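Okay, so here's just one chain, in structure tokens, the form predicted on its own.
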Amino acid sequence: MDVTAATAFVLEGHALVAGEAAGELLVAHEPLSFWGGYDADTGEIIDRRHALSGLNASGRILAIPSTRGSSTTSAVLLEAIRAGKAPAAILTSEVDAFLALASIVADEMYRTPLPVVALGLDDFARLRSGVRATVERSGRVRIGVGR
């Protein structure tokens, strides 16, 4: 995707877990199950039926509308954070307690919170893979810019 500075814009999200991150967006418009869908040792999305299958989310800003599954999402994501193979931040289109829980526990256990930001549906629909983004503590997401 050819992205120029002219495409830069800002989204105002709700920080479920505050933090700062920068990286390339990896966007899906379907939920992701972390249990059996995300390899915590490598950061690869291993759910072979998912649109992001085979791609690596480690160090990128992962944008998924929500998670699919149960509390095992928190366990898998927490392990990925511990292993240094988690996304740099996660953007969602709804409040996801399992993602927030993993980040809160990671902050308590490892002093490594993972920024989690909920965006409105229209804003989430504007996200595209391959674009640089920055996440601010306030929940503001700058698209098309990065540090």
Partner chain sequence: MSTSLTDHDRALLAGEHGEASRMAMSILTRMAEVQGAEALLDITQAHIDSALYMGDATLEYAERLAGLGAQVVVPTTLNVAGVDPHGWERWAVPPEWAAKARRQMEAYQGMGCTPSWTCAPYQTEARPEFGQQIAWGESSAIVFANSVLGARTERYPDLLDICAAITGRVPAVGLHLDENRRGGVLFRLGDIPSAVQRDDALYPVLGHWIGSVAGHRVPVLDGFEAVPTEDQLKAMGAAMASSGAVALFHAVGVTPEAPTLDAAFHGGRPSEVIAVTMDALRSARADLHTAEGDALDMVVLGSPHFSLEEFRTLAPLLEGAERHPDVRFLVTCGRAVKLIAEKAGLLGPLERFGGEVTVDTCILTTPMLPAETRVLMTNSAKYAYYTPGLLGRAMAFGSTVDCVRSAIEGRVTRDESAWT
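Since the structure is predicted, the reported quantities are computational estimates derived from the model, not experimental observations. Positions refer to the first chain, counted from 1.
Omitted here: the form predicted in complex with the partner chain. The next part is about that form.
Using a 4.5 Å cut-off to the partner chain in the model of the complex, each of Ile46, Val76 and Glu94 places a heavy atom inside that distance. This chain is displayed alone, yet in the model of the complex one of Leu11, Val131, Ala22, Leu16 has a heavy atom within 4.5 Å of the partner chain; that residue is Leu16.
Interface residue remark: Ser70 is counted as part of the site for the partner chain in the model of the complex, having a heavy atom within 4.5 Å. Using a 4.5 angstroms threshold between heavy atoms, His29 stays clear of the partner chain in the model of the complex. Contact between Glu108 and the partner chain in the model of the complex is found at the 4.5 Å heavy atom cutoff. The partner chain is not shown here, and in the model of the complex it never comes within 4.5 Å of any heavy atom of Leu55.
Taking the partner chain as it sits in the model of the complex, the stretch 14 to 41 comes within 4.5 angstroms of it through a non-hydrogen atom at Leu16, Ser33, Trp35, Gly36.
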